[in-house]
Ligand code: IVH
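Only one chain comes next, encoded as structure tokens, the form predicted on its own.
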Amino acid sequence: MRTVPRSVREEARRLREEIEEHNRLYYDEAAPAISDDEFDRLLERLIALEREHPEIRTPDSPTLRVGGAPSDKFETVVHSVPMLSLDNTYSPEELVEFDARTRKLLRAESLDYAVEFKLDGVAVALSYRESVLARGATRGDGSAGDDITANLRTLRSIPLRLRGDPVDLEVRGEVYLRFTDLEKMNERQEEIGGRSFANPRNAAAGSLKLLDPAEVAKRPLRFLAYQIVSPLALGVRTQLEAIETLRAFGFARTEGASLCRGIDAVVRRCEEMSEERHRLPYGTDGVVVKVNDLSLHVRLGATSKSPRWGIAYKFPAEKKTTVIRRIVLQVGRTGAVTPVAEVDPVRLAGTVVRRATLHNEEEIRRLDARVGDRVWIEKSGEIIPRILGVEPGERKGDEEPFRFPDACPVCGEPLERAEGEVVVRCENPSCPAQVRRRIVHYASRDAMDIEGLGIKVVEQLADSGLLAEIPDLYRLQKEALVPLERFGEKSAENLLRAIEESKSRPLDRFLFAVGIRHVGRTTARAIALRFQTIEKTMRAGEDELAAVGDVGPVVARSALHFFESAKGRLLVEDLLAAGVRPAPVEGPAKETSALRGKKIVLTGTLASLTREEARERIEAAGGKAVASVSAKTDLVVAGDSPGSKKTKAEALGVRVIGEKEFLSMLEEK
């Protein structure tokens, strides 16, 4: 074994320290001391030294942030102390009630509270051994999560070695994205034809689930620590002291944290923070209120779901005003024409909103929305921007009511509205807008899941004459793609690979993808389970289709019309001729399945499954995944950051379970 020169070891040690100090200055102090190019040169030199002398690489080397070898799965980690979620409150009155309960348990006249912003991110736990990062895990179901150490090592705001004397330590905190970083990520996704992220939390959760750490390293994720596990063992007595201790260890500082003496001071501080949040560079959906004295945490303990020493005060849904600059008509894949307001950019729930739906002609009339109007806007469910109302007092007098045209804005064919419907449609199936939207739908995640085929790429391929209808996807050639803007050798290969992989998607995805009117994901699955092949499905009569659960006469007639029409039959035949072979769908679970016949709502982020995977597992087990909570809901599966659906379920008395119990029920027979 060769001896590494002392000068090499010393240079590597110096580089590690220098690189980590520059990481701290950049991510913690926001005061970089060198340029990005200079930083990259330091890192490249260390990478070169470790490549030449692998034995000098240490567990805390910043080169680990580049990302290691991809994994095929995440191992399960049992938390040393359960990662419980705080209960939520939505009003000052509920905060006062929390204080009264807590003081009663402690027999105290008044309490001091630590108040901090609640980051809108993903909770993780970090374990350090002798001050070196040993393991990182997701919250999971609270008792166990996924080991994502390799992914978390790529975050430059997570110290690979703690500052100060060697110590064993467990830290909890939040992985998040800044607004500007999310915008850059979505711009990049749009360029490559990928899917945009709805908000910073979704982007962070999706990034941490990637199996390739090198891909995670490309995402601008950050980490903020907010809790020390077993702080009293370190001599840390209060939550505010814990925040300062975390900073001394090398973690980023917590903004806005303050001490409030008594609940009246807490209420005032929450009101102040509701205004301050608009100046933060990242998303926050509320305030975390904790008893400041950590010794009292031990006395207060926890319920099976939440600690008694803290609570989250959720901000009301954010609403802002903006100005309508233009109202445009968007033609969908079914010909439905939807009015969309283009507005002055405004930041809501973590993203910049530039467009908001006006739904239909009747909604425009109800709102009396006009170009030039100042309007109130919010994100419905923190996802879909919508206009709440108009400020008529802000009008100048020259605004004119919007009038729907008589002809399609894309193809010029007459627009029609069926009796009893509010939707106006273009009935021309060859309308270019409809065709392009049908292709996008066909490639969407719930359908044939062709990664990289978003609306921008579809429009580019259509404008280039390469894509006029869905089957043309399977006739694309690498030589024709490479010269196009946004494409190159690698991106062309990736798109063609994704298209090829789509040929064997399950039958239910295929039935949903081809765009049969009234046939959604659940109905498509029911039909696919009954007939198993596309040939048998196409031969089925109306009575056979109507007899399938979740179908009924209206959907049966629609499906029959599609398969009997020249257009529908030709589309399916062309796809089959192109090599598409829809796979049979796995049959429903046995009658004894724990989930069979149950209506189940998913909320929050699951550590081991995507939302789509969880929905498919529910349906395979004989259950039904539904979107909203009602008294008829049987179960709510709550992952990380579950939101209002969990709260509503508890209010209705609907059973709420965690991810671990959900996975166990999936396996029960």
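For every residue, the number given is its place in the sequence shown, counted from 1. Predicted model, so just to flag it, every value in this text is computed and none were measured.
From this point on, the text means the form predicted in complex with this ligand, which you will not see here.
Peer 1: How about Cys431: is it within 4.5 Å of this ligand in the model of the complex, going by heavy atoms?
Peer 2: Outside the cut-off, so no.
Peer 1: Does any part of Leu119 reach within 4.5 Å of this ligand in the model of the complex? Heavy atoms only, please.
Peer 2: So Leu119 counts as contacting this ligand.
Peer 1: Are any of the heavy atoms in Pro92 no more than 4.5 Å from a heavy atom of this ligand in the model of the complex?
Peer 2: Looking in the model of the complex, residue contacts with this ligand do not include Pro92, since no heavy atom lies within 4.5 Å.
Peer 1: Taking this ligand as it sits in the model of the complex, is Val288 in contact with it (heavy atom to heavy atom, 4.5 Å or less)?
Peer 2: Although this ligand is absent here, Val288 would touch it in the model of the complex, with heavy atoms inside 4.5 Å.
Peer 1: Of these, 301-309, 548-556, 433-441, 564-572, which stretch puts a heavy atom within 4.5 angstroms of this ligand in the model of the complex?
Peer 2: Of the options, only 301-309 has residues within 4.5 Å of the partner.
Peer 1: Though this ligand is not shown, can you say which of Ala468, Leu86, Leu476, Leu484 has a heavy atom within 4.5 Å of it in the model of the complex?
Peer 2: That would be Leu86.
Peer 1: Just one of Val424, Ile324, Ala123, Val585 has a heavy atom within 4.5 Å of this ligand in the model of the complex. Which one?
Peer 2: By the 4.5 Å heavy-atom cutoff, the listed residue in contact is Ala123.
Peer 1: Can you name the residues of 161-176 that have a heavy atom within 4.5 Å of this ligand in the model of the complex?
Peer 2: The stretch 161-176, when checked against this ligand in the model of the complex, contributes only Glu174 at the 4.5 Å heavy-atom cut-off.
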